[in-house]
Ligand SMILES: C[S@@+](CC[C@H](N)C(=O)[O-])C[C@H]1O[C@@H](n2cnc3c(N)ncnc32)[C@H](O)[C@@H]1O
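Only one chain is shown below, in structure tokens, and it's the form predicted alone.
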């Protein structure tokens, strides 16, 4: 597979009859942004770290089909595998067996050289196995990882992120604040629902939400702010909501925010470049 520094460049892929979940056209924005950040991350730190490991917690099958079309696109795992400045290790976690099997076949096809750990199961249950797959650091061997958290809902548990953060990891997190949390507000606000508490690592979140509503009744914004605060508790630098990329559907309806969390200011410099690049591309193509 040819290596490149262009996150939007990928060799042509064809239908191989393996599972290929459908996604909206806007998914390409996500994949491109993740690949570009991974490019800057891997290239920018290679001189200072002995090992760079890339992790995806909801890895999928490697390919996606654009909804309502025959067009196939490469997902972020395969795009990251193509980068010129390669990661040393890759960890792909996926709970659906058929998708994970398809991913393994496609990784072997596109990047037979790659050192990949394929982990079967829900990342919230398999977090210890993921940690074991990350190379061990020592005083003479520095390891830095980039973890992309890409759920379809707000099902990622903060405890999972907390356990991973015991290693030195930058996180790119898709916060499904509109396509899940806002749409299911009436269910998640119920006393018996633990979904938001698990996301935020905050059992008493309802009291904070009531206080927040005195000035602002935007539930997604509340969740974004509180998640960022929880990440600060793990040592990450402050992440204002305006730095979390809003992704919308074709009807201009908000879907989710893509947010970076890191202990290192340089990571946010990389993220600023990603945001500027994405804005230029959207203006160029009027999307």
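A quick note: this is a predicted structure, and the numbers were derived from the prediction, not measured. Residue numbers count along the first chain shown, from 1.
One more form of this protein should be noted, the form predicted together with this ligand, which is absent from this view; the next part is about it.
Contact with this ligand in the predicted complex, judged by any heavy atom within 4.5 Å, is made by just one of 59, 223, 35, 260: 59. Checked against this ligand in the predicted complex, the candidates 175, 80, 93, 196 yield a single residue with a heavy atom inside 4.5 Å, and that residue is 93. Of the stretches 24 to 32, 228 to 236, 45 to 53, 241 to 249, only 24 to 32 has residues with a heavy atom within 4.5 Å of this ligand in the predicted complex. Taking the partner from elsewhere, every residue among 64, 99 and 152 has a non-hydrogen atom within 4.5 angstroms of this ligand in the predicted complex. Contact check for residue 121: a heavy atom falls within 4.5 Å of this ligand in the predicted complex. The closest non-hydrogen atom of residue 76 lies within 4.5 Å of this ligand in the predicted complex.
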